[in-house]
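Presented as C-alpha cells, the chain that follows is alone, the form predicted on its own.
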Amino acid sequence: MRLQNKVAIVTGAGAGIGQATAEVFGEEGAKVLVADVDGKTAEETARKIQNKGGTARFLQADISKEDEARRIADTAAEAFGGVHILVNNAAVFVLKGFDATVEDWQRSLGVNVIGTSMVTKYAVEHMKKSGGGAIVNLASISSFVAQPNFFAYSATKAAILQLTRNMAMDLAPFNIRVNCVCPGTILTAASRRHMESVGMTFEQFNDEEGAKTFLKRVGQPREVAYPILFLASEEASYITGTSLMIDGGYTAQ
C-alpha cells in the first residue's frame, strides 16, 4: 500500500473529488480525517472508507474560520498520532464576474484562499513533528485560462497556484513538499447541480464540455484522485512547487 501508516487530512471530502481522494487514500492504507462543512456527507465518506476496511474519522468544520481550520489539524494529530499528508480540496464556487458582490468576494476568498492557508498553517506544525510531509492543493484550469463571467472564482484559483509555489519554497527546509493539481471539468455533484439549473442532460453536458478537450469527454473524480495520490506518495519525492493539469487536454490546445 502506497500510504501505509500515513495520516492524511482531506478537506471538502464529503463529495466529488475530495470524497474520491479520501476513499483512494483509505484503500492505500492511510488513516484519513474526512473534513467537510457538511457533517452528514463527511460522515458518509468516512463510513465508506471504514466499510472497505480502512481507517477514517469525520469532522464537520468550516475552513474559513481560523479556529475550525486549527481544529482540523489538531483533531487528525490527536486521533491518529500525527499528520503526514494534507489535501486542500475544500472550495466554494462563486461563478460570477462584475455581478459579484463584496459578500461574494469575501466568501470566495475566505474559503478558497484564506481557508486553504489556515488549514495548511496548522497542519504544517504537525508535519514538522512527523519529519516532513506532502501537501496537494486543488487549483484549476481556471488558474490559467480566462472564462467569461468567471473571475470571482478564477482569481482564487490563480491565487492557489502561486500559494503552492511559495509554500513549496518556504516548507522545503522542513522536508514538506507542496504541489497542486489543476482539474478541468469533472463530473461531480456540483456539476450535476449546474446541469439541473440550466436544464441540461448529462449527454448534453458531456458533449458540450467534452468537445473542449482532446479526449472528448468530462473527467471522473477518481481520475483526479489518483494523480493526487501520486503527488502525496513517496513516488513523487523529488516533485515540489509544480502544477499538474488534469483536463483531458483542454489547456494544451
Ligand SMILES: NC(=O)c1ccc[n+]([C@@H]2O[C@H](COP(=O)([O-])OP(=O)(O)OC[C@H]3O[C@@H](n4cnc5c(N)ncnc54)[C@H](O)[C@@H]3O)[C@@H](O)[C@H]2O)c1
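Please read these numbers as outputs of a predicted model, since none were measured by experiment. Note that residue numbering begins at 1 and tracks the sequence as displayed.
Another form exists, predicted together with the named molecule; not displayed. Remarks below refer to it.
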| item | value |
| --- | --- |
| Proximity to the named molecule in the model of the complex (heavy atom, within 4.5 Å), stretch among 90-98, 75-83, 167-175, 121-129 | 90-98 |
| In the model of the complex, L163 touching the named molecule (heavy atom, 4.5 Å) | no |
| Distance check, P183 to the named molecule in the model of the complex, heavy atom within 4.5 Å | yes |
| Proximity of I63 to the named molecule in the model of the complex, heavy atoms at 4.5 Å | yes |
| Close approach of K52 to the named molecule in the model of the complex, 4.5 Å, heavy atom | no |
| Contacts with the named molecule in the model of the complex, stretch 193-213 (heavy atom within 4.5 Å) | R193 |
